[in-house]
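Okay, so here's just one chain, in structure tokens, the form predicted alone.
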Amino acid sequence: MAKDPLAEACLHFDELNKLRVLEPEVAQKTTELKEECKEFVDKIGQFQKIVGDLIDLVDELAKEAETEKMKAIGARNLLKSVAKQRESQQQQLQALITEKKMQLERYRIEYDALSKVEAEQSEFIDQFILQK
């Protein structure tokens, strides 16, 4: 086979008979690679958009979760506060009950003492009346 002087100079003709620096196969593979790279870049762009949307959605959900968490903490603290208030109120009422029981016992002792004095005075009056 005779050597093509154009091939030796790295010059080739394509299917449209245009003079090219690259071989037709290499030019075709380069074009295919360029198209595949463009598709890859487009897919990466779509992927980045989807990931960006997902990140935005997750951030929004995280903010909502944080808001609900703060509400739950507030409600729990309020519940603890109410429980402490009830406990304090119960202790105050228990102290009041104890105080009233002590007062009742004092009144009962005083009543017994007064009843005894009354009985003695009635007996004295009865004896005084009988002596006259």
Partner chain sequence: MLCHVTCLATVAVLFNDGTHKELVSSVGWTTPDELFSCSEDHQIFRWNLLTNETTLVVRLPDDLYPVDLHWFPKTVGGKKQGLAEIFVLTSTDGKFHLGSKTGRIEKSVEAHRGAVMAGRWNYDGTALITAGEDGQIKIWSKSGMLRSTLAQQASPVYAVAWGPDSDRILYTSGKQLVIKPLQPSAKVLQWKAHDGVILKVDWSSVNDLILSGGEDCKYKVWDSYGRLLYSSSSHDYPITSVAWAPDGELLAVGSFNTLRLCDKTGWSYALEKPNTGSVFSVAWSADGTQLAGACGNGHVIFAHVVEQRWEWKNFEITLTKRRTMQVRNVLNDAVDVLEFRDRVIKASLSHDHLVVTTSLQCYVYSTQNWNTPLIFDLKEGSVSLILQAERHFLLVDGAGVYVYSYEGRLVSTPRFPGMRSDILNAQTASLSNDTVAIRDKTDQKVIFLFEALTGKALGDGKPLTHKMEVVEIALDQCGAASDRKIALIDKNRDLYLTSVRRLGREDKTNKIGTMVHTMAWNDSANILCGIQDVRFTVWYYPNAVFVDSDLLPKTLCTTPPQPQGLTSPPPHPAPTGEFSRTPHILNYVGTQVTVRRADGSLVYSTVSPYPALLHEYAGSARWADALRLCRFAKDQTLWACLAAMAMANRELTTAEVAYAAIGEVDKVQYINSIKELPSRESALAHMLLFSGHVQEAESTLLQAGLVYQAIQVHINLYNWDRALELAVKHRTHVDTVLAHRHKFLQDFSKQETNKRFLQYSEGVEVDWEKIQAKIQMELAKERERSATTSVRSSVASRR
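Whichever C-alpha set is largest while still superposing within 1.5 Å between the two forms counts as the rigid core. Residue numbers count along the first chain shown, from 1. Values in this document were obtained by computation on a predicted structure and should not be read as measured data.
This next part talks about the form predicted in complex with its partner chain, which is not shown.
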- prompt: If we take heavy atoms and a 4.5 Å cut-off, which stretch out of 25-33, 90-98, 38-46, 54-62 is in contact with its partner chain in the predicted bound form?
  reply: 90-98
query: Given that the partner is absent here, does Gln121 sit within 4.5 Å of its partner chain in the predicted bound form, heavy atoms only?
result: yes
message: Residue-level question: is Ala75 within 4.5 Å of its partner chain in the predicted bound form, judged on heavy atoms?
response: no
message: Glu68 versus its partner chain, in the predicted bound form: is there a non-hydrogen atom within 4.5 Å?
response: no
Non-hydrogen atom contact Val82 with its partner chain in the predicted bound form at 4.5 angstroms: no
statement: Checked 104-126 against its partner chain in the predicted bound form; residues with a heavy atom within 4.5 Å, sequence order, are Glu105, Arg106, Tyr107, Ile109, Glu110, Asp112, Ala113, Leu114, Lys116, Val117, Glu120, Gln121, Phe124
- prompt: Comparing between the shown form and the other one on the rigid core: C-alpha of Arg106 shifted by 2 Å or more?
  reply: yes
